[in-house]
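One chain is shown next in structure tokens, namely the form predicted on its own.
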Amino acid sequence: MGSQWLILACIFVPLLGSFLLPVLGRINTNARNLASLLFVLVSLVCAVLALHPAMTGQPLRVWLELPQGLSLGFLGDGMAILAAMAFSLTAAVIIFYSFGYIERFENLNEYYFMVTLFMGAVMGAVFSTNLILTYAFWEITSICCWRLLGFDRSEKSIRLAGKALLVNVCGSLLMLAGFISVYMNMGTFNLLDMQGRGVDNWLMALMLCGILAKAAVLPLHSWLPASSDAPAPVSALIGGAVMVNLGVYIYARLFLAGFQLEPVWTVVTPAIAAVSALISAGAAMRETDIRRIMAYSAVCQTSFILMGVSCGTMIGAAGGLISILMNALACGGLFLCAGTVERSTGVRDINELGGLAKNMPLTALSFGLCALSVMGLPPFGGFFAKYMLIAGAVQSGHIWLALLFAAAALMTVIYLLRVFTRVFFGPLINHEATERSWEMVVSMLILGGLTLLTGLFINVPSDIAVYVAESLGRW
């Protein structure tokens, strides 16, 4: 099989390994926790090892031909490898953060099982080239999301988890209807056979519904802010680092590397993203709950990525792919910092917080680093990502689109500065707050440091993203 096992290991080590975790948990909880982290790190290492073939024009392929167009295939091209590295890296850090955060909850066997199974399904969706297989992995992530959002078993969290499941599954069913209709028209579920082939506008609309629901983009966004009561690592995994970014990745996989769309969609989809970015940024400016602010921020930043991959330009597509990495690191880090503040103070209203930089300097540093990247300030990685996104909108000829996103970017600066100054500066209000867990602190510092490191060495991710965008041959 050669190096093809790298792709299979990326997917099936966490997917199948997750079923061992409840057994390990009954024997030794530390072994269970470390095994969960190890399974996700295997995905990261294998994705890194598969990068070289992908960048030299020899992407790894795994293929099994079945009757009636039901072939099962996985492709490790540059787009898939970049997403897999971003998702597995941030997920590994979030799992490590969980070691210090989640121990006060019950049902920890289920927690680590669901998180690891979720990551296996994400890897499957990233590498799959079969529409039905993509849908199957897509739905597994929705089920894991439902169980994780309702993890503390309170009546409120169960209700909100049900809302998230309803939105995601309804969107996914519309997407499935689109996939089946595509099969009826083309006679195959293999996405590689559909490259450059046109698709009817109504089919595009069906598939877009599933993407907007998973990515939490307006008007299908409400489940994400409503689910901010979930444990902080769950919010980071689903709302900041992985799940919402998976939605925009699937858009890129279907409509950049797959179907040829009508030109109207290079206006309609970015316009939806622009409205989503502006409204969610406005909501973040008015909100006072720190966890809900981060949730609205995640909606805003995901909308930026959707604009990049849908505006119809090479530089915008490359910027969108880079933004998947930057958004995973920075938004995931902000969710973890918000969770640490809540865990240490018992308070979520930013008007009741203040001066925490005195007692929680490393949390303040981590939040500042991640916030500067999300704001898009140099030399952080987020600056280069936002520059390419807005440049892509300008290059598409829609100056109004670039202006709308520039306005949303300015609003992002305002609401994150508001949170940072109110929570970490001024008179100390929460005198008992301390940084109690070294695992949580190290995790936040890793993500904060990576947002700066990726900016200082931006040529590495940008070269990968530009290579992938150029290889699509759509420009």
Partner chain sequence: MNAFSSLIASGGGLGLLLLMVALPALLGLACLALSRRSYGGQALLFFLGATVNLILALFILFGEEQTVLLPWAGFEINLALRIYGFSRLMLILSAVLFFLSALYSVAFMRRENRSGQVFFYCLLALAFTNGVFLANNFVTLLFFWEGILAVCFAAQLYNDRPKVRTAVKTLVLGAAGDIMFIVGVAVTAVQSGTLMMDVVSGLAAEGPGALGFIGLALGALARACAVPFQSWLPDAAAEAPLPFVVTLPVCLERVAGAYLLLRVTGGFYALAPGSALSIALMIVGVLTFLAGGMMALIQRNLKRVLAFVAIGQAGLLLLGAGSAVPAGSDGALLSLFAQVPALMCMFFAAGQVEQSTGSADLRRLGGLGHLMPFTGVAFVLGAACAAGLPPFGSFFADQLIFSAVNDADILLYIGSLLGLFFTAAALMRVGATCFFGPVRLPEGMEREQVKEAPGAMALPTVLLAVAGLGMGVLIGPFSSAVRNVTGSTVEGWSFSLVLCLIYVIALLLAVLNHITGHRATGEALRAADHIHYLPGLYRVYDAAERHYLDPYNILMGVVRVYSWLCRMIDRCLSWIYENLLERLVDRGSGALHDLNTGVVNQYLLWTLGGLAFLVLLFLVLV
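It should be emphasised that the depicted structure is a prediction, and the values quoted were computed from it without experimental measurement. Residue numbers count along the first chain shown, from 1.
Although not depicted, the form predicted together with its partner chain is the subject of the following passage.
Judged against its partner chain in the predicted complex with a 4.5 angstroms heavy atom cut-off, the residues K163, Y296 and A318 are in contact without exception. With the partner omitted here, the residue from A402, M204, I272, L82 that has a non-hydrogen atom within 4.5 angstroms of its partner chain in the predicted complex is A402. M285 is the sole member of V347, M285, V169, L72 with a non-hydrogen atom within 4.5 Å of its partner chain in the predicted complex. For the chain shown alone, V466 is a contact residue for its partner chain in the predicted complex, at least one non-hydrogen atom being within 4.5 angstroms.
Contact check for F383: a heavy atom falls within 4.5 Å of its partner chain in the predicted complex. Although the partner is absent here, A31 sits far enough away that none of its heavy atoms falls within 4.5 Å of its partner chain in the predicted complex. Its partner chain is not shown here, and in the predicted complex it never comes within 4.5 Å of any heavy atom of A9. Per the 4.5 Å heavy atom criterion, its partner chain in the predicted complex is contacted by stretch 272-280, the sole one of 182-190, 272-280, 108-116, 251-259.
For the stretch 388-418, the set of residues having any non-hydrogen atom within 4.5 angstroms of its partner chain in the predicted complex comprises M388, I390, A391, V394, Q395, I399, A402, L403, A406, A409, L410, M411, V413, I414, L417, in sequence order.
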